[in-house]
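Before any questions on how it binds or moves, here is one chain, the form predicted alone, in structure tokens.
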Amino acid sequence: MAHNTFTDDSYNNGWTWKNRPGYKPILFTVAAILFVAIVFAPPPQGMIDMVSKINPSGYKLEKGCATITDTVNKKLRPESFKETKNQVKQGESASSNKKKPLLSNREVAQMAKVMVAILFLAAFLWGTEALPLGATDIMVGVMLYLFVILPINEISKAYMKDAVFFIFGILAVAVGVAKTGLDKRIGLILLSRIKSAKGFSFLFLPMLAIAASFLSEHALVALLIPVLMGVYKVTCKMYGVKKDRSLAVFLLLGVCFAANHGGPGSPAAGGRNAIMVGYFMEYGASISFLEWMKYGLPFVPLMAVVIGAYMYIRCKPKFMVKDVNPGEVVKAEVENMPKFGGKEAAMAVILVLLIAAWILIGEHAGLGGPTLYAVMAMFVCRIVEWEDLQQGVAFDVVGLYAAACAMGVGLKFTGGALWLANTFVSLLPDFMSHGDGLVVGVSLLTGTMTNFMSDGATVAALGPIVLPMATLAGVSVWKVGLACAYSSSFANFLVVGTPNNAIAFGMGRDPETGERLLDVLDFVKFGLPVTILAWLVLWFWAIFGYWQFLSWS
């Protein structure tokens, strides 16, 4: 295991106000003061009303519960909750002799407010790197313990979601793929016909986005990034350039953003689409697989071309290399490789079985389980050793997504997610509450929230709120629901927005030096404009374009 030698003066001379990556005391202090002020402030009345409301729309209550407060009490104070329920059944007045009294509506609202504050604090620290990424990952867990937002075992479970196993596993599999050289042969298959940056932008990215409509977008990103890192390194060497940040950003974020926007193409693109399909069924407006594709699939290559054009225009003039020829690079790399066989062949078999498992049993077994099987298979076949994973897997990125998952559980449980959704809806101007304006408003809400929460949680929270709005406004339920589902794919401007972003950030390293080639702020600088472009394309698509020629349920 490699150990770092601390040579920075600040380590030797003690504490300092001087900023450096991963330690920005002024920003951290300001954030801490604001967080403490929010914690001691009373919860908003709207939040108290929400947690005390009977059967609030958009929140899944526990069995036997009528309000969010009931659900929180049932989990955090189960004995007192059960005792109170029994007393009510027997017609007795509620006793105050319980060891732990039930939480009041105000106390539950306070928890929801603190949970929202933790969300923004963590997003700020991740975005500015005022603390190391790994430290912020741990801080989220500390906050959940400190404010007793979830039971202790529930906090552990919230950190260990299937998506977290998947991210760890796929980063480990990528180490094995790169170590055996299989990434170069995959690159030859995928990129052999791509001869320039222009071809990459306008041919490869649309094909990738369409593929992401039907296959796991996360797996596509994870397979491609090691190949593209090889293309990056060889291209830099060809032109005698030590480092070309613009080329790295062009390749990494281009793939990441194109895969993100494959979501609207079909219901198979992700759990968020399946959730919306379920809501349509509940509203008696079921949509078939082919009908979804008819409305959404043409959007995918169009948006991918827009992304390609944006990345090309913004990055290509800043290339330090003259151009990039992925097809030529991977061909040359493969020609210099030994004959296919041995550990490389074993890795190929593991990879094929893994992809088959994602496709065939992924819906029931998740993505994380099969990926961990693949990691174990790599050890059994002696393709990797533990030291390889210690050096090649970005554990702070794994922790980052684990912390994001834990915050999602906390927000959903306390009602913080529902309060955020309701607040966004209430902020919509009047012209966005009816007609085509509702489509614009819903896409703005969803596209914003999905960058802070998982896409599935965003659609789950917003669906029950926006679909009734469509009925009241006389707008097609399909039109509003599809706008919500489509824009849940616009998670481009935060690393935690989607596993694609976390994978690109974690695996985007110089193959020789190990230097990280993406900064967390790159997602803001490049992802925010891409998200704005996605909104504009969707609005034009819905109001003036393709959707105007279709019939609506």
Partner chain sequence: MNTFRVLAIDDEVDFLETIVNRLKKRKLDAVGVTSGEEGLKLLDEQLFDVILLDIKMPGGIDGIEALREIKKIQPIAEVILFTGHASVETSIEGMRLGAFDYLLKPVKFEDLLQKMASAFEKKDSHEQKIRNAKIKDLIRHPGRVFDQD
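Residue numbers count along the first chain shown, from 1. Because the structure is a prediction, the values reported are computed rather than measured.
Missing here is the form predicted together with its partner chain; even so, the following discussion is about that form.
Novice: Contact with its partner chain in the predicted complex for residue 514, defined as at least one heavy atom pair within 4.5 Å: yes or no?
Specialist: Residue-level check for residue 514: yes, a contact with its partner chain.
Novice: Under a 4.5 Å heavy atom criterion, is residue 395 part of the interface with its partner chain in the predicted complex?
Specialist: Judged by the heavy-atom cut-off of 4.5 Å, residue 395 is in contact with its partner chain in the predicted complex.
Novice: With heavy atoms only and a cut-off of 4.5 Å, decide whether residue 391 touches its partner chain in the predicted complex.
Specialist: Although its partner chain is absent here, residue 391 would touch it in the predicted complex, with heavy atoms inside 4.5 Å.
Novice: Report yes if any heavy atom of residue 498 sits within 4.5 Å of a heavy atom of its partner chain in the predicted complex; otherwise report no.
Specialist: The answer is yes: residue 498 has a heavy atom within 4.5 Å of its partner chain.
Novice: Considering 491, 484, 68, 507, which brings a non-hydrogen atom within 4.5 Å of its partner chain in the predicted complex?
Specialist: Answer to the contact question: 507.
Novice: Counting any non-hydrogen atom inside 4.5 Å, which residue from 89, 237, 322, 193 sits next to its partner chain in the predicted complex?
Specialist: The option sitting close enough to the partner is 237.
Novice: Considering its partner chain in the predicted complex, find the one stretch among 308 to 316, 288 to 296, 366 to 374, 329 to 337 with heavy atoms no farther than 4.5 Å from it.
Specialist: Correct option: 329 to 337.
Novice: Pull the contact list for 220 to 235: residues with a heavy atom within 4.5 Å of its partner chain in the predicted complex, in sequence order.
Specialist: Those in contact are 222, 226, 227, 230.
Novice: Do residue 207 and residue 174 move together or apart in the predicted complex, judged by C-alpha distance changing 3 Å or more?
Specialist: Relative to the shown form, the pair is closer.
Novice: Residue 188 and residue 207: do their C-alpha atoms lie closer or farther in the predicted complex than in the form you see, with a change of 3 Å or more?
Specialist: Relative to the shown form, the pair is closer.
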